[in-house]
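Starting off, we have a lone chain in the form predicted on its own, written out as structure tokens.
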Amino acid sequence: MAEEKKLTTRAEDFAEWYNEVVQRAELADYAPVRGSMVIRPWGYGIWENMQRALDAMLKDTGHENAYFPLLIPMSFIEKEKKHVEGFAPELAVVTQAGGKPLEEPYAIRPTSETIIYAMYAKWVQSYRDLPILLNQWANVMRWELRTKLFLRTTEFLWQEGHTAHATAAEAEAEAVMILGVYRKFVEEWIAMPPLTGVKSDNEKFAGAVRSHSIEALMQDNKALQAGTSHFLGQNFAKQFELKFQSEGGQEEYAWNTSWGVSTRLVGGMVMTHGDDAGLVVPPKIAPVQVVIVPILGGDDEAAVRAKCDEVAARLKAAGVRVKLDARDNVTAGAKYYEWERKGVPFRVEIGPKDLAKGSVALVRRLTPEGEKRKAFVPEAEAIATLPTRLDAFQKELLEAARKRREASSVRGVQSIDELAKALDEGAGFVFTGWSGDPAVEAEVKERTKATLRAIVDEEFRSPAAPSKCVSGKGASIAEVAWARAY
């Protein structure tokens, strides 16, 4: 078998490194369908763990899961003018079925606001029917011209929440609360610390009054929009006659929100934590947290296998997701390489010498500075401490990503020339004042290829608020973060 080409380093070509890591770690592969991908078991296992965690968090906040059709009548899409303008270039449309032209074409779901609010209108009569707090796990299709595995594909997986409320205040509170859920989820599970804030009118969701966003910074200092939560006002309710009788007896339109995160988060995980040896998976979302590799050969082989089985069973009983790699046709060295490339947090090696000493070799996927890569640990201690070692690994990944984000952020920038210089020198998020003028956004984008990622929430603002707009014209009404982005 030909020797595998060495992985491209991040410094050599970050985009190529990313593509190689995704495929060599067996996260996904290109599909024969234009712009689509096949999510392989390792990648899907990571997505399933993300899905389980976020699903539990959404249910804890009172949301229920439902499912709505993949095909949406085009007349529904066309009802909300801004919505159709936003999605028209990305729509895939079915015009024929059963060998005959359809009387009305169907759009393949790009997002489900229209069909969901049409159904809500059927179900809601009174304020007593509100709020409706539904989420669905689904696939969507947006016809992309430039695709990248997980980050931008024609078909992808996501969750989309859609809620209906009796008041604007309740809907706004819902949108903000969900943003907090998303932030907690990506920080605590993916170890990916984002900025939070509000999108500018130019960047917000088509048909929304206000869009809230979590914005993460990748190792190449490009931003990734990792999730959004939208206050939709009454725009969709008015188009789909989603009305209710208020407690006072008046007929009113409901207030709506929509929000979602997608398999893009898997790509974000790769670019946040991966290194030049391949993938690094945070323990909380790793399909396998500990892999056990037996060192076979010689008279002690049966005893080694038996000890590996025993250690695997004890780790499993301790709540660790463990895999025993007992394949006979693969060398121990090849197994090390494979599981390191896939980003498994810990590897346990057990051989005849370990049996004699009552110990195991413990190898962390990432080795803290000053520590040896391989530690020989008494067997009982290794089993007892691996859960806490996994927790520590998770926290270290988050802290390293947070430090990297802050080290790559530049504040106090006063002009577009300074902004361009900072970005050209490798800055990630650049914070400036902004007058609110969309013409300034357009000028910055044209001159720097950066976009306004968010009007940042209070927690992320600079100690001294900027007084002037980055354009040099007018006062600043808000502090914003700019970045080049995926």
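Here the structure is a predicted model, which means the values were calculated and not measured. Numbers follow the displayed sequence, beginning with 1.
A second form of this protein, the form predicted together with the RNA, is not displayed here; the remarks below concern that form.
Every member of the trio Lys5, Ala334 and Pro352 reaches the RNA in the model of the complex with some non-hydrogen atom inside 4.5 Å. With the partner removed from view, the residue among Lys403, Arg146, Lys100, Arg128 that has a non-hydrogen atom within 4.5 Å of the RNA in the model of the complex turns out to be Arg146. Among the residues Ile295, Ile383, Ile108, Leu398, the one placing a heavy atom within 4.5 Å of the RNA in the model of the complex is Ile295.
Remark: of stretches 33-41, 419-427, 57-65, 457-465, the one touching the RNA in the model of the complex is 33-41 (heavy atom within 4.5 Å). Contact check for Leu71: no non-hydrogen atom falls within 4.5 Å of the RNA in the model of the complex.
The closest heavy atom approach of Arg373 to the RNA in the model of the complex falls within 4.5 Å. Shown alone here, Thr153 lies within 4.5 Å of the RNA in the model of the complex, counting heavy atoms only. Mapping the unseen interface onto this chain, Lys445 counts among the residues with a heavy atom inside 4.5 Å of the RNA in the model of the complex.
With contact defined as any non-hydrogen atom lying within 4.5 angstroms of the RNA in the model of the complex, the contacting residues in 249-279 are Ser262, Arg264, given in sequence order.
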